[in-house]
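Okay, so here's just one chain, in structure tokens, the form predicted on its own.
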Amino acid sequence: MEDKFDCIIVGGGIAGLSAAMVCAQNNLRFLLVERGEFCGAKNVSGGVLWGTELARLVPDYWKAPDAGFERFIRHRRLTFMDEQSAFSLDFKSDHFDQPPYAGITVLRAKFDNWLASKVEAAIEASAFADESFLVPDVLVEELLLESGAVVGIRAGEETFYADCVILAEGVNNLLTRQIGLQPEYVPADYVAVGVKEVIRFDQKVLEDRFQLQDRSGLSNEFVGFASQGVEGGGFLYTNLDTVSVGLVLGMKDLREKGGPKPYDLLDTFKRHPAVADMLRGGESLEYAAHVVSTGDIRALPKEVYADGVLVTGEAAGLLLNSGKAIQGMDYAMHSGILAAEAVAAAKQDEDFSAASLKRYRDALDASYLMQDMRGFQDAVHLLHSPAMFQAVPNLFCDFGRQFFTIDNAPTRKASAMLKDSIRKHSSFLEMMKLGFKARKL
């Protein structure tokens, strides 16, 4: 067999680049291959990278003039919508102001390319500066197997060998399926369609409109009319001089409701009075749609390791929407780090068998990532119940209309208004059942 790498990483997104950074820092000889023209080329729009893990990979990243993030999250908002109205839970605090920030907005094409440049710098500082590579524009067609173990990759007519392969290929995990870790068919219940648009503003207009200072930013999640009767919800995040706005729509429910076009639903969402006010005067720059995981733990592969291979990020179905936030990029980063640490430990033992690489699964299970995915499955299922995107936002907005309307008549008690709203849009029994489920969150 020809000379081989310690590790090959398939995919130059956040999971793959995080793994590559740890490989470089541990002086491993590695090859990262990315099918796009550069890392991030296949990723448009963006979202919020939660947590402080980035500071572990790139210390003091926020101080660099070329820092790849857009804004840090200082202002959080959850909005319930019906066709006319919006009722929001709003939280802003300067405790978010201190780096390392608890959440930053990113545009993936820019951020991934920036993170790749930091990986290149780490390679240059490593013991194998001339033997580790980031190679774009390479489509991996097949994993190479010997005696059931993964030993490398095939891209076109070329083959590359390694002691271990880290799969960071994203939600369309064809290579994970090739080796039998993921069933060929994943039920539509476990995936969603994400549609996103990036809209540009004059930076001062954007900062004035959203009451932003310096590099502070807003994240806003929407439930109810945002998805127009389809399971799902909406989001809006502020970037430096743009906003990312979009919907996440359940694939199965979208199909069962006759297949309304996601971009039509997005256009209607953007015309809602609460959203239109925020987007007025902006210039649309880009639009994208892609498949995402829903965070249902039943969609995870049968296992995330085997002889000579580890699976990370969305290729492993690692994503969670517990109602507080959609956590995907931080899960990708954390799993990429843990996978590379497992490879580094396996290299010390010169053992890349499944028994050795099981340490990755053990590290995942011990981390916040799998603890939260297991602990908040009730929240995942509750958020995808019809009441959460129909009855609940409708009764919130109905109550808001009554509570905040002042006219020349005796004012009713808030409790009476709430009872009316519940009767109009649901029932006391249904709300009690919902509350019983919610108490376990």
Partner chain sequence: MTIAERLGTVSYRNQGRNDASAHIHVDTDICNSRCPHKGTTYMCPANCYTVDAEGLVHFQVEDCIECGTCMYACDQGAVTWKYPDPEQGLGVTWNLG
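Owing to the predicted nature of the structure, the values given are computational and were not obtained by experimental measurement. Numbering follows the first chain given and starts at 1.
From this point on, the text means the form predicted together with the partner chain, which you will not see here.
Just one of Met81, Met333, Val304, Val195 comes within 4.5 Å of the partner chain in the predicted bound form, counting any heavy atom, and that one is Val195. Of the listed positions (His381, Arg35, Arg401, Arg56), a single one reaches within 4.5 angstroms of the partner chain by any non-hydrogen atom in the predicted bound form, namely Arg35. In the predicted bound form, none of the heavy atoms of Asn26 sits within 4.5 Å of a heavy atom of the partner chain. The closest heavy atom approach of Gln178 to the partner chain in the predicted bound form falls outside 4.5 Å. Of the heavy atoms in Lys261, some are within 4.5 Å of the partner chain in the predicted bound form.
Contact check for Ala289: a heavy atom falls within 4.5 Å of the partner chain in the predicted bound form.
In the predicted bound form, every residue of the candidate spot (Tyr185, Leu266 and Lys270) has a heavy atom lying within 4.5 Å of the partner chain. Judged by heavy atoms within 4.5 Å of the partner chain in the predicted bound form, the contact stretch among the candidates 197-205, 350-358, 319-327, 116-124 is 197-205. With contact defined as any non-hydrogen atom lying within 4.5 angstroms of the partner chain in the predicted bound form, the contacting residues in 91-115 are Leu107, Arg108, Ala109, Lys110, given in sequence order.
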